[in-house]
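Consider the single chain below, provided in structure tokens and representing the form predicted alone.
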Amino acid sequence: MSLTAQQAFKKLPQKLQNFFTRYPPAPFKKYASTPTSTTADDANPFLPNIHPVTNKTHNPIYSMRRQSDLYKLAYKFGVSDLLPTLNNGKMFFQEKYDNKKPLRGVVNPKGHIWERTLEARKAAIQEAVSKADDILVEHRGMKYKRRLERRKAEQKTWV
């Protein structure tokens, strides 16, 4: 058994009923997404509007806290898309986490200094090991070089 629009409206909490009575939902009335004149037909109750005579900005009819309460209540009953656009583009619930940017440290962590320099140190060690014989010959002299060559020549190759 499906509910009629009026029966569904009666099931809403009193706070939402009062709001939708004063400000009809989106299908019946389109609200401005930017501040307009306070006397305009499409004046959004969640946005600060400008008085046409004095050109002074009037605060929103509903404060940020009351907007948040209304939105959360409407979300709970599945009618949040019928509300006018919110003042600061505030997001709630899952929508808030879907559009959130990840933290910089999570995406590209800095790491410890030993982790950052590990590759360079390994490369330096590898290069030093490969040049070890040349450095030793340079410091110990030609006698050591001949000894290395003799060792290499006498090395057993059959095993």
Partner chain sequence: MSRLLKESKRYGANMKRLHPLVKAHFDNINRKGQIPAVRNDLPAVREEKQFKSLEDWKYTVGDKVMIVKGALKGTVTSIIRTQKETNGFMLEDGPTKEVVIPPNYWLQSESSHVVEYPKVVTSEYFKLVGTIKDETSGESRQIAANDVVFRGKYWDEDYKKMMPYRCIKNKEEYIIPWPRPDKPEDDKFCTEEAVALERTYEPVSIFESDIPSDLNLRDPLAKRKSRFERKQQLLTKKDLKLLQSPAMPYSDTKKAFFRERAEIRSKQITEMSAEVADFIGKRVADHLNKIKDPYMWQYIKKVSGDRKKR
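Here, rigid core means the biggest group of C-alpha atoms that superpose within 1.5 Å across both forms. This one's a predicted model, so the numbers in the text were calculated from it and none came from an experiment. Residue numbers count along the first chain shown, from 1.
Note that the form predicted together with its partner chain isn't included here; everything after this is about it.
Asker: Do residue 39 and its partner chain share at least one heavy atom pair within 4.5 Å in the predicted complex?
Answerer: Flag for residue 39 set to yes.
Asker: Taking the shortest heavy atom distance, is residue 97 within 4.5 Å of its partner chain in the predicted complex?
Answerer: No - in the predicted complex, heavy atoms of residue 97 and its partner chain never come within 4.5 Å of each other.
Asker: Check residue 150 for me: does it contact its partner chain in the predicted complex (non-hydrogen atoms, 4.5 angstroms)?
Answerer: Because no heavy atom of residue 150 falls inside 4.5 Å of its partner chain in the predicted complex, the answer is no.
Asker: Since only the chain is shown here, I'm wondering whether residue 66 would be in contact with its partner chain in the predicted complex (any heavy atom pair within 4.5 Å).
Answerer: The answer is no: residue 66 has no heavy atom within 4.5 Å of its partner chain.
Asker: What residues of 12-32, in sequence order, lie within 4.5 Å of its partner chain in the predicted complex by heavy atom?
Answerer: Counting only heavy atoms within 4.5 Å of its partner chain in the predicted complex, the contacting residues of 12-32 are 12, 13, 14, 17, 20, 21, 22, 24, 25, 27, 28.
Asker: After core superposition, I'd like to know whether residue 22 moves between the shown form and the other one (criterion: C-alpha shift of 2 angstroms or more).
Answerer: No; residue 22 is a residue whose C-alpha shifts by less than 2 Å between the shown form and the other one when the cores are overlaid.
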